[in-house]
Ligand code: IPD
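Okay, here we've got a single chain as structure tokens, the form predicted on its own, with questions on binding and movement later.
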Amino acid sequence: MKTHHDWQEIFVECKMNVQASIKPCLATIKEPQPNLGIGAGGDVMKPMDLAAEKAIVDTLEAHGVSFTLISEESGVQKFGTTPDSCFVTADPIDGSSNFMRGLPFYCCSIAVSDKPMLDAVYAGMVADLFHDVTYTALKGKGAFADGEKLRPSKITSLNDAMIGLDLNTYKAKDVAPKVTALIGQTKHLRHFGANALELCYVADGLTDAFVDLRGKLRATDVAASFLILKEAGGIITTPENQPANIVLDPKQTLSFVASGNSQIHEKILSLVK
């Protein structure tokens, strides 16, 4: 059952509070940052990760939300009196490596669902924390960037398309053969380092598709942008062209192809293994 909260208002406050919480970290980013252990998703936690997560939790509690948090940092935690009525899947800082190096591409991702499944997400936000752009979606009501309706690209030619491709893995030699044909027919390939935000770029028509076949991307990264892309009119499936529905858990991973339109989606699927 969907909880009756003004998620648009809550999302805006979450973004503002996350930005405020990481500001001290930005001021000391050129100094050595302590490792704070291994997060639930398997990555090393840094001060900005936990500061951003705390900002999200504090904001939700201030709005009286009872929820189960599914976070890349602290894992699964329950808050309030009816935590099973609302599941909040969060990646407090997606693109942590970019953040640590001062690269201007990182975001905060928050998804809301009534059960811990990707296709149950009914509200989502991805906040570009550097460029101060907020992508949001409510199920059945479209997707927006700062109030402007998102429209994916209509480009269908691989020669003209700009396609995101994530090969960021120690097992690149295993993944590369799966995308060799795609690379050979695509002129413009990109990867920026924060996949939640890259999916929003597909939703916004800034890029035409995004492909991740590593089986490494976590549910916490994709939960919000999955809804944003679909509500914008884009397509996201498994490489086998099946619905990309997974359990929302910090350790759950997936591979996918995301596209702005069905024509280019079919072309990409025909080229990947």
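Position 1 is the first residue in the sequence shown; the rest follow in order. Because the structure is predicted, anything quoted here is derived from the model rather than measured.
One more form of this protein should be noted, the form predicted in complex with ligand IPD, which is absent from this view; the next part is about it.
Although the partner is absent here, residue 58 lies well away from ligand IPD in the predicted bound form, with no heavy atom inside 4.5 Å. Remark: residue 151 does not count among the residues lining ligand IPD in the predicted bound form, judged by a heavy atom distance of 4.5 Å or less.
Interface membership of residue 46, defined by any non-hydrogen atom within 4.5 Å of ligand IPD in the predicted bound form, is ruled out. Shown alone here, residue 194 lies within 4.5 Å of ligand IPD in the predicted bound form, counting heavy atoms only. Picking from 76-84, 142-150, 111-119, 161-169 the stretch near ligand IPD in the predicted bound form, with a 4.5 Å limit on heavy atoms, gives 161-169.
Interface residues of 91-111, taken as those with a heavy atom within 4.5 Å of ligand IPD in the predicted bound form (partner not displayed): 91, 93, 94, 95, 96, 97, in sequence order.
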